[in-house]
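One chain comes next, on its own, written as structure tokens: the form predicted alone.
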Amino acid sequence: MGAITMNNANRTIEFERVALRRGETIVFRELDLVLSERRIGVLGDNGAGKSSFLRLFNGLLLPESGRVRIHGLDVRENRRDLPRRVGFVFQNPDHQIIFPTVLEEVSFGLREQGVAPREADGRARDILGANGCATWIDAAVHELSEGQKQRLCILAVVATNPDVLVLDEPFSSLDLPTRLDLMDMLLTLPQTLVLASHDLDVLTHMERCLWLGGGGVERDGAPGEVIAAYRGHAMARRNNMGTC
């Protein structure tokens, strides 16, 4: 296969009749979406398919049928090239961090892209310094707080300059000040941002929201409208639940 080139004008994410099953559960039935916004929020009940949806972006999951294209790149045909295009941040930073020191963690992705070790370390130092983390450069990862570890994961991914940044519940274990601080940082990034969260306040910062459920998209639109509809669904579901 030759070198991958991308049309800079094509900044859309496309799901074309995507079907996905996990075990006996149908996650998606012929999901059709075209996403062109830079800030996209994803919400839904547990088990609605949020994590599966995000894993379709970088080939961690492949659809049983249909096609997913990320800025023109077919995830099935070009799976090896996806790590350069799509950065993924997991819910638990301990599931993502693999090196004992901050500098090693941030420079690793650059080295994997073929950047020489000295240059990779220099660029890692630059990105840490530019984001107020210069004092972490020689720190051991285990010395960081949970919020600092999550920031480290984000910076390590952003250092590789992906086109799309996908985050799966990145704030679930963080306090409010830390969530607000990280959200401020994310909103300054140039990448297309796709963020799944149960924190509905976080999703108000998005340009578009998708409420997943029932094998597809329950509601799609402006954050205020989708979040209000989801709150109504959650209240109705709570009222219909029996006591323990």
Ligand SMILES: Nc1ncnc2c1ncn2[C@@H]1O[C@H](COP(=O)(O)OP(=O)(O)O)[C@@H](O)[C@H]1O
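Note that residue numbering begins at 1 and tracks the sequence as displayed. Owing to the predicted nature of the structure, the values given are computational and were not obtained by experimental measurement.
One more form of this protein should be noted, the form predicted together with the ligand, which is absent from this view; the next part is about it.
Which of 173 to 181, 30 to 38, 43 to 51, 65 to 73 sits within 4.5 Å of the ligand in the predicted bound form, heavy atom basis: Looking at the other structure, the answer is 43 to 51.
Is there a non-hydrogen atom of R22 within 4.5 angstroms of a non-hydrogen atom of the ligand in the predicted bound form? Yes, R22 lies within 4.5 Å of the ligand in the predicted bound form.
Within 160 to 199, which residues come within 4.5 Å of the ligand in the predicted bound form, counting heavy atoms only? Heavy-atom contacts to the ligand in the predicted bound form: nothing from 160 to 199.
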